[in-house]
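Considered here are two forms of the same protein chain, supplied as structure tokens in two stand-alone entries, structure 1 and structure 2.
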Structure 1
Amino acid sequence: MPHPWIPNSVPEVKNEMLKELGISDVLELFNDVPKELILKEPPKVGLGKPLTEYEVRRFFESVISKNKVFINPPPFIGGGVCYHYVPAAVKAIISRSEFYTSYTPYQAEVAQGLLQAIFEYQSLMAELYGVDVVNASLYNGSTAAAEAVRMAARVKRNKRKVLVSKAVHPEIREVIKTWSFGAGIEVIEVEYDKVTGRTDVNDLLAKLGDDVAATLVQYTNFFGVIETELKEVIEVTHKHNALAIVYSNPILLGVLRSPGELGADIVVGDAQPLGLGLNYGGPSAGILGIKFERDLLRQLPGRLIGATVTEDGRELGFTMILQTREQHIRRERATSNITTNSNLEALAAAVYVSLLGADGIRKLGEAILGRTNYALKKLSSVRNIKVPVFEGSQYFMEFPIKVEGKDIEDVYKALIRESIHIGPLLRRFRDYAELSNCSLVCFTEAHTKGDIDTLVSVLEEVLR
């Protein structure tokens, strides 16, 4: 039976084509493959037979229905990504199949719309992060951070150490270590202040020598704490002729001063909050931006879109630029191996930010900040919950809560039974022993007052 996705499997078409080639069996085209390598039987994949569309739908339903989606209330889970609302207009645009079924725009003239959209993404992100140039995207925030570290080590060629704050997402730190292995970069972690939850500037200073290529701080950090000594961190980093890398959540930058304005040399982040959905962690898009400086630009990883003019000079157009940095031209001397990036997610982020506009981004940041503050106040009154965990710091969107007199895991499970999901439990990550009875919680525009009140009242019940 000819399959709908394989049109030339219709016997008369197939035979006509075989005839053109002067052969009778398609397997003759594989006569240069050692015989013993050809499988005798078709592989055992799927359900052993082709499925019709209605059968595959039923099969999918039977599996996917084993998932539980937390809707009412949406998950209060933090840890790098939080639940945000995805506007319908964003979904509509990225569902345009001219966009989603196209390839990397190697043929610029036939891909102007795609190129312009990504040029706009780059420019919008540059505004948000307070830098000049943002690339066309990397895989996600964690790999953007890893690329930034590798980039810094290329710019500062003779320095092989990188300082990373322990208040940076533990999985981002793991990724940085994996990506640095082989490049001869030594990743040294900087303590966070157990009282304030902020990066310990004294520990950073103690570890900051002339052999350090870069420092990396997350702002706001993994605990949701605003790093209010970031300016000092950047200053001392520059004093040691190192590059300051700052990882930021873009959704907060309508309210918070941008890392670029604060003096960061390389900014990184993850575009997930900008209308991309949770996607069980991926795909997302990694943001990486720099000042428009030659040394930095030359070492920038990944694709970059630029404006140009037509050869006749009459029209503006867009194309991929500075490709001599990239693997398909430079091969073993490329700045990165990245090829496929997160183009469609970058497009979604561009649409999302365009919908909000400057005013909307600020309002949304305030809406999140307001919920954070409201939740802090309400939770701090719950018996056997310690909130805030850190003193003298400000939180944005996320914060840890500590359970006293009971194991956090029991509380967490009891909440799930009530269709309320907090997390991640900080014991999941090896290096926060002092926070082992803590969980992160996250509050976004998607949470109503009713949702937060429900969390509080169910917690009170569970802890009674």
Structure 2
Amino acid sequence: MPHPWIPNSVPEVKNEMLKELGISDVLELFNDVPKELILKEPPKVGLGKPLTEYEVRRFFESVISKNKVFINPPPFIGGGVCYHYVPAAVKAIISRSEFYTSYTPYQAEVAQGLLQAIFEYQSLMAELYGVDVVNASLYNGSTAAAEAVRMAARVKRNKRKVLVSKAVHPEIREVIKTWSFGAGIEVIEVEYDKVTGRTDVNDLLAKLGDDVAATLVQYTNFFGVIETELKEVIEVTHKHNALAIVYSNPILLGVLRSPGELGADIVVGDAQPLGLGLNYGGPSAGILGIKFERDLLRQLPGRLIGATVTEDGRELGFTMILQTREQHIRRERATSNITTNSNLEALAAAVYVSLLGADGIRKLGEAILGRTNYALKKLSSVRNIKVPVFEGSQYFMEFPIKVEGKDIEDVYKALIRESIHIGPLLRRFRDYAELSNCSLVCFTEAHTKGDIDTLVSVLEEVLR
């Protein structure tokens, strides 16, 4: 019988196609597939019959009605991807057809509007991170960090070791290790101070040597702790002729000195906080920037858009001045195998930053810092909750809380039942055994004083 969802499944049509191909059975097309992997009968998919549009809609709505939506209060989930408010203007602008349907600009100079949008994104990110050059555009923060590590190893040709702080997000470290393995780069992890939650500078110094190509520190780190010794880390890295890579949350840079200003050679980050929303974990855009040095520029992955003027000097034009993908140059000379782009997400970030402006970014950072400190103060008064976990440190947007007397998983599930969502639980990550009864919590501009008070009161009730 013909299947309603499978094209050309009418027997007469199928037989005609088989005859044209010179085969007697469809399975002959799959001779390379092991026999044990081939299904013996068609898969039982769907509801057993074709559905009308109305039936599909009713079925879909019955399924999604089971979802638990966290709106009031918004989720307090941390771990690098946090809940931020996305202005309506961002979605309105990026939904315009000339942007929304754009892909890699193969005939680049024809797409002047798209090139200008990318150029503006590069310029805004470079100013925010305090560097000279930012590329456009990588997949997300983790792959941008991995690209930065590989770039550093190419620049420092005879050095095959990279030091990465254990206070860097564990999933970012995993991506770096995966990407480094094939390139023959050894990733050595630097301990974090169990008292302060910051990168252990003494351990970094002990592991720094002439064979180290780069160091990588996160600012703020995975625990939301501000790396107050970042400038010292960068300086000792440079003393060993290595490159300093800093992974930074872009929102943080509205209130703290940029990594470029502190001396970082390479900066990386994720554009998710800049108007991209949560999107079920993606897509996002990776930020990667450098200070203007010839060796770094020649090894920069991704693409760069430049501005120029017409021959008569009357009009401004944009052009692609660097393209390092294997589709455009010899494969062995490519510095990256990124084969698509995140231009739409980069555009959203550019629109978001443009809407806020320098003063708005600063006020946003101050608002988040104020909420973070208020939440720290309120949660520190809750019985059986240890806050802050790391004494004497400063936090931005995120921090861990430790439950005493109860299992954190039981508390987490009880909060979910009360429509409060925190996390992730740090026991998920093998590097943090001493934090096994801890969870990250996050506070952004989307959380009101009332939202934080609600979290505290429900937490008190759950622990009681």
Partner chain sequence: MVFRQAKWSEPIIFELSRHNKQGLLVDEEFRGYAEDALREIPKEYLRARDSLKIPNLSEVEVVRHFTRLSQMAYGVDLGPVPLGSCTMKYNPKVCEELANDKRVTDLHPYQDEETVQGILEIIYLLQKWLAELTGADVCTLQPPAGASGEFVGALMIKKYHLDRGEEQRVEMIIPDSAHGSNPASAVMAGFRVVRVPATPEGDTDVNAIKAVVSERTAGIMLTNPSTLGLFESKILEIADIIHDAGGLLYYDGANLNAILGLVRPCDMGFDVVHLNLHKTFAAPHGGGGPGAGVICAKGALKDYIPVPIVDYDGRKYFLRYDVPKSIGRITWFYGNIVPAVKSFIYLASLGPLVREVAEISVLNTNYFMKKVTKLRGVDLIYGRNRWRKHEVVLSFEKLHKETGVTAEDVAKALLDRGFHAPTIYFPLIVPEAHMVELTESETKENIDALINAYAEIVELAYRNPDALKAAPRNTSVTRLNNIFANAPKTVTPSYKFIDRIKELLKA
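For clarity, a rigid core is taken as the largest C-alpha set superposing within 1.5 Å between two forms. Throughout, residue numbering runs from 1 along the sequence of structure 1. The shown structure was predicted, so the numbers you read here are calculated from the model rather than taken from an experiment.
Here the chain coming from the form predicted on its own is structure 2, while structure 1 comes from the other form.
Superposition of the core reveals a Cα shift of 2 Å or more for L37 between structures 1 and 2.
Comparing the forms between structures 1 and 2 on their rigid core, the Cα displacement of A92 stays under 2 Å. Relative to the superposed rigid core, G405 undergoes a CA displacement smaller than 2 Å between structures 1 and 2. Its Cα shifted by 19.9 Å, N15 is compared between structures 1 and 2 on a rigid core fit.
A C-alpha shift of 4.0 Å is found for V63 between structures 1 and 2, based on superposition of the rigid core.
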